[in-house]
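A lone chain, given as structure tokens: the form predicted alone.
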Amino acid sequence: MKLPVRIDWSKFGLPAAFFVMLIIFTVINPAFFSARNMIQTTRQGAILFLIVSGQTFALLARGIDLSQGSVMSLVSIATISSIYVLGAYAGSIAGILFGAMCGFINGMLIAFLGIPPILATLGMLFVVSGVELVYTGGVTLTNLSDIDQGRLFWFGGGMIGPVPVPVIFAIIIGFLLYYILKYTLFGRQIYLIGTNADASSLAGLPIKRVIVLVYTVSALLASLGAFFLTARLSMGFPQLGEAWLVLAIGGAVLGGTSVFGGKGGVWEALLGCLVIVFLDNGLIVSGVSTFAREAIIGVVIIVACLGSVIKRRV
């Protein structure tokens, strides 16, 4: 008997698997779907979504940004250090701009010096990591004034009604990024460059300018994620972003963004982010150990990358 409707599993398979996963974890431990756990999970998810979205921009342009994690650590340190001098609001902006500047430098190295993205951003990773460790000596920065700490904490740990503040910001930024990729010339240029850089060059597209902007956006979004995380902790951590880079790449690819460029977007970033965040949280409430969680998430990421390779060959 032939089914009247054919389901496109390449499009609906991951969302279906996501909802099945939610049901399974809820059955294992009903606390998984409690209001408190959902608030904490969506708060983490909002931060990861920003970082994944930044990585998505790099991947769409047939590149990659390996410096996101170290940039996040730099922003954490720069934000707290700047707040000591400038206060909570101006210091926070200064810290975020430090991170965006790293992305701008990445873009210049790639676009104007011809350094491959993987090498340019890997070099930035080591440079930034070295700078922040020399500056701090590996010591966490604390001792904000009560006023500055309260103002900063609101951005990472505050609530607007029942919704965490980072989630509100992530939603607004997400719609803005969707509009940029979908309806602006800059967004269309990113897809064209990722699909065929040589043809884009022959067509007269400003490839160098687009590449610089892409990596600036990638670092800026990672910096915003680091800011919300730092605000919640109200401390500057020299190694804050170590674990986030792999999750960012994995979330982008898992959601459907191609590692070969030209395919993907904000909704794919959101879907991949949700799967990783809720998978990790579900494993925690199910009593799975840290090492086993990391192994499981690693396998999921590898499978997602393999799927991207297979789709390209087919």
Partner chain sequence: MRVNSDSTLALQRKTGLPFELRAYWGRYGTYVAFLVILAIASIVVPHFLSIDNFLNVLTTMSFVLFVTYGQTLVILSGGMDLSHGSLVSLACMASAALAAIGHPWLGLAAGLGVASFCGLISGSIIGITRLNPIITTLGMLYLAGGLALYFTNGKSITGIDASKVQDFHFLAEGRILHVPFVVILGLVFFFLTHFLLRHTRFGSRIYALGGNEEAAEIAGINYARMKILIFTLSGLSCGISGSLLTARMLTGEPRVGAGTFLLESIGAVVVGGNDIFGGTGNVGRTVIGLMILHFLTNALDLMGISTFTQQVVVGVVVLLFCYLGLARNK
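Fair warning: this is a prediction, and the values are worked out from it, not measured in the lab. Residue numbers count along the first chain shown, from 1.
Not on display, but discussed next: the form predicted in complex with the partner chain.
- Between the options 277, 270, 247, 46, the residue in contact with the partner chain in the predicted complex by a heavy atom within 4.5 angstroms is 247.
- The single contact residue among 108, 86, 97, 197, judged by any heavy atom lying within 4.5 Å of the partner chain in the predicted complex, is 197.
- Using a 4.5 angstroms threshold between heavy atoms, residue 172 stays clear of the partner chain in the predicted complex.
- Of the heavy atoms in residue 28, none are within 4.5 Å of the partner chain in the predicted complex.
- Within this chain, residue 148 is remote from the site of the partner chain in the predicted complex, having no heavy atom within 4.5 Å.
- The partner chain is not drawn, but in the predicted complex it has no heavy atom within 4.5 Å of residue 152.
- Partner contacts here mean any heavy atom within 4.5 Å of the partner chain in the predicted complex, and among 152-160, 86-94, 200-208, 221-229 they occur only in 200-208.
- Not one of 19, 35 and 255 is positioned with any heavy atom within 4.5 Å of the partner chain in the predicted complex.
- Residues 111, 113, 114, 115, 116, 117, 118, 119, 120, 122, 123, 124, 126, 127, 129, 130, 131, 133, 134 are the ones in 111-138 with at least one heavy atom within 4.5 Å of the partner chain in the predicted complex, listed in sequence order.
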